[in-house]
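Listed next as C-alpha cells is one chain, alone, in the form predicted alone.
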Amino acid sequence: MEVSASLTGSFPRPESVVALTRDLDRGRATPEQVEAGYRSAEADVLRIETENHLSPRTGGYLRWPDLFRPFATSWPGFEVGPITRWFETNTFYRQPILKHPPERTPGALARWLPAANGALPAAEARAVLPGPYTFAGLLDNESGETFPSLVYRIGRLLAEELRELRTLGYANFQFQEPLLVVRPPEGPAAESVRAAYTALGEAAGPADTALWTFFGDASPVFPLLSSLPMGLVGIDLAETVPEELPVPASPRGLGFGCIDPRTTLLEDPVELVRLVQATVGRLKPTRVHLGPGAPLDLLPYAPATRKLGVLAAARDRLGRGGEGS
C-alpha cells in the first residue's frame, strides 16, 4: 500500500518575514527587501519539506494572507471585507464580501501559486485551494444568489481554474473543506456539494486530487465525503474518532491529519502508526497520506518545523509496517 506525507496547508511565516512586512507598512523596508525575504523563507520551507521527503511540496504558501484572499482580490464580484475569526482559533482572515455573482480572471490565481515566483516547478507543487462549500459558507453573500446555487457556481469557477492550472503543469490539487465537517450540508446544499465536486473531478482529469477536512468530526458526513470524485479524503484525527468512520461504499485514498497544530506538544510516531494501522485495516483505503490535521500556520515556526519531523517519522514507520525505530 502506498504511504506518503506532506504539508496540507500553509506553514507559519518566520519572524524575519513578519518583521519585513511590518517594516514595509511603516516605510522602513522596500518591496525588494520583502521579496528577498519571502524567497529566502520559501527556500527554507522547501528545504525542510525535501529533508523530510514530503511530497508534493508547497513552499509553505507564505505569501497568502488567508485562504480566500487570492480570490477576493482577483475574482470580479468580490470585495475584501472585515477581519473575521478563523473558526475557533486565535487566527483571523478577511471575510470576502460578494456583491454580485462571481466571475474569474484568467491567469490571476496562477500568480499566487508556488511556481509563479520560481519556488518550484508546477509539476512538483501542490495547489491548495478553498473548497466550494467552505468558500461559499464563509463569505458575506450580498449577491442575492441562494447558498446552494453559490456553492455550485464557485465549484464551476474553481473547475475552470483547474483546467488553466493543468495547462501550466500543475498535477496535484487539494481543496480545504473545514466547513463540511463543522457544519455538514443537508438537502439542496448537499446536492450542490456533489454537483460542485463533479465539476471539479471532471476538470482535474488524471491529476491527483484531495479533499481535506479539519476542525470537526468527519464521521457524520463521511458517506458524502467518500462519494465525491476526489482521489483522497483527509480527516482531522484531533476531532474524529477513526473507529466511528463508516466503511465507504468503494475504497479510495484516505488522509490522516495526525499532526495537531493547536498544540506545540509533539505527537508520538508509534502511537500515530498504531492508530492509522487500525483504521486502515478496517476501511482498506487504496492509499494512505499523512499530514497536519489543519494548516500548521496556527503554530510558531520552530514548533511547526519539529512537528514535520514527527510526521516524517510516522510515515517511515508506517511504510515499514510499523516496525523499527
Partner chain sequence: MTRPLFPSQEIGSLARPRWQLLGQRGALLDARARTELTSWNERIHFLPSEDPALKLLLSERSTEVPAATVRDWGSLFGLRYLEALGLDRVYDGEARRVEMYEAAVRHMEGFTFEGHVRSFDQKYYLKAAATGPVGLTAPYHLEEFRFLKGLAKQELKLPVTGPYTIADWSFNEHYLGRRPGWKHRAARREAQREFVEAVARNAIRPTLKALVAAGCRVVQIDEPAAGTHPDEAELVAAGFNAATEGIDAEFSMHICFSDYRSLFPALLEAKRCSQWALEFANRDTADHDAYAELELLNEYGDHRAVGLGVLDVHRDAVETPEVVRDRILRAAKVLGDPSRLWVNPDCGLRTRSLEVAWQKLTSLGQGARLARAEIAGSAS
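Just so we're clear, the structure is a prediction, and the values are computed from it rather than from any experiment. Residue numbers count along the first chain shown, from 1.
Not on display, but discussed next: the form predicted in complex with the partner chain.
Of the candidate stretches 237-245, 223-231, 163-171, 197-205, only 237-245 has residues with heavy atoms within 4.5 Å of the partner chain in the predicted complex. Proximity of R315 to the partner chain in the predicted complex falls outside the 4.5 Å heavy atom cutoff.
The partner chain in the predicted complex is not approached by E103, whose heavy atoms all lie more than 4.5 angstroms from it. Contact annotation: T21 falls within 4.5 Å of the partner chain in the predicted complex, judged by heavy atom distances. Not displayed here, the partner chain is approached by E271 to within 4.5 Å at the level of heavy atoms in the predicted complex.
The contact with the partner chain in the predicted complex, taken as any heavy atom within 4.5 Å, belongs to P82 out of P188, P251, G144, P82. For a residue to qualify, one of its non-hydrogen atoms must sit within 4.5 Å of the partner chain in the predicted complex; all three of R94, P261 and L266 qualify. Counting a residue when any of its non-hydrogen atoms is within 4.5 Å of the partner chain in the predicted complex, there are no hits in 183-198.
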